[in-house]
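Quick heads-up: it's one chain on its own, the form predicted alone, in structure tokens.
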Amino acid sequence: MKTKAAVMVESNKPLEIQEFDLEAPKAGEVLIKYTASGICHSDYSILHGVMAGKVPIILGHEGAGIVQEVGAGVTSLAPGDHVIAVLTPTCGKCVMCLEDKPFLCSQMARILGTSKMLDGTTRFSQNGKPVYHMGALGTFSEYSVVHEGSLVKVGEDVPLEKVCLVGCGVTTGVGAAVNTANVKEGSSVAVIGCGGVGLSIIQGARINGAKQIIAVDPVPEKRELAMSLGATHTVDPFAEGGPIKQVKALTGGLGVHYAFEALGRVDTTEQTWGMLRPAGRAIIVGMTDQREKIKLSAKGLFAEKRIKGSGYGSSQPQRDIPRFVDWYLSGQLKLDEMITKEINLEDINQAFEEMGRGEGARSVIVY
């Protein structure tokens, strides 16, 4: 079959809208018609060379849609099912899945690294040549073939153009707060970066009962949005004193119980350490350039400060995706407010330009 998609043909160049051939699903695979896709910062990072990506590659990994066809052996899904695409194929066989850590599934690392299906081939092609797709998802395409384990079924009454955000950014952020950190009721939290992931961290901290939530971002509109989603205080990191002193001042000089980094930068990662109170925890959520090194003061070690990474919100998709959708339906988790605009696929490069300027929280492609 044919499908229209946005493809990256070269780093730091606009995506191109082209038509591709899409092979039918093989054993354990599913053909999905995407109805919506969020535009995540990881897509931007691949486009601009911060994260590796083979070309030509169809980007996008934060989508939702409707199952059209299933391959041999697929038992959990059927045509007509409404689903959210997730990063991990949850193979259920590797050592990490067997330890109930599907967010570290060895097959996820494999498909993210190769942008191919698990059998080492691609389902997309053009003029007989293979075309890769990010995380074996490729949500910047109207149709895609996806592994069964990379899809989670949701109710037919769920608005897919909203809950598509749960596929990556929301699960990464909310999960970092409720799973990785398990923010305690009455605690204090600082979140550096108020894009889609940072705003989701703020919401997870609010849902878990944090008493003080400090949003750190230089953009006034993002700080205002953070307040509407659960932040109790905001900090402009470029204001007098800098972010660490401002956070310390808001906590009576002590620091926060939890500091989250949601930008993927070395300097802000190091700042989380400085914001902590004794026995505080720094949770690093943003994807920093893997070639970089981070320097932390040894002074905090004897105060039992801790730093920890968070992969995909330490989530178990079959457990957490339905839970987060339920939170949305009950009004606890706000998704509509996080969507800056809904766009057509043809407007995708403008959305990337706006992301590069730090504008808005999330743009969503609606097919």
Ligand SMILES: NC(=O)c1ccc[n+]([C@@H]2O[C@H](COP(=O)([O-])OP(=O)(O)OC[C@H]3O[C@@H](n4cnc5c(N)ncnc54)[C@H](O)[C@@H]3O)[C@@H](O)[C@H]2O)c1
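For every residue, the number given is its place in the sequence shown, counted from 1. A quick note: this is a predicted structure, and the numbers were derived from the prediction, not measured.
Here the subject shifts to the form predicted together with this ligand, a form of this protein not shown in this document.
Asker: Do V219 and this ligand share at least one heavy atom pair within 4.5 Å in the predicted complex?
Answerer: Within the cut-off, so yes.
Asker: If we define contact as a non-hydrogen atom of the residue within 4.5 angstroms of the partner, is M355 a contact of this ligand in the predicted complex?
Answerer: Looking in the predicted complex, residue contacts with this ligand include M355, since a heavy atom lies within 4.5 Å.
Asker: Contact with this ligand in the predicted complex for T268, defined as at least one heavy atom pair within 4.5 Å: yes or no?
Answerer: So T268 counts as contacting this ligand.
Asker: So, W327 and this ligand: in the predicted complex, are they within 4.5 Å at any heavy atom pair?
Answerer: Because no heavy atom of W327 falls inside 4.5 Å of this ligand in the predicted complex, the answer is no.
Asker: Counting any non-hydrogen atom inside 4.5 Å, which residue from G300, G53, G311, G28 sits next to this ligand in the predicted complex?
Answerer: Checking each option against this ligand in the predicted complex, the one that comes within 4.5 Å is G311.
Asker: Could you work out which of V152, V178, M287, C105 is the residue within 4.5 angstroms of this ligand in the predicted complex, going by heavy atoms?
Answerer: After the contact test, the surviving option is M287.
Asker: Pick from 75-83, 139-147, 154-162, 236-244: which stretch has non-hydrogen atoms within 4.5 Å of this ligand in the predicted complex?
Answerer: Comparing against this ligand in the predicted complex, the contact stretch is 236-244.
Asker: Taking this ligand as it sits in the predicted complex, which residues of 2-30 have a non-hydrogen atom within 4.5 Å of it? Please list them.
Answerer: The stretch 2-30, when checked against this ligand in the predicted complex, contributes no residue at the 4.5 Å heavy-atom cut-off.
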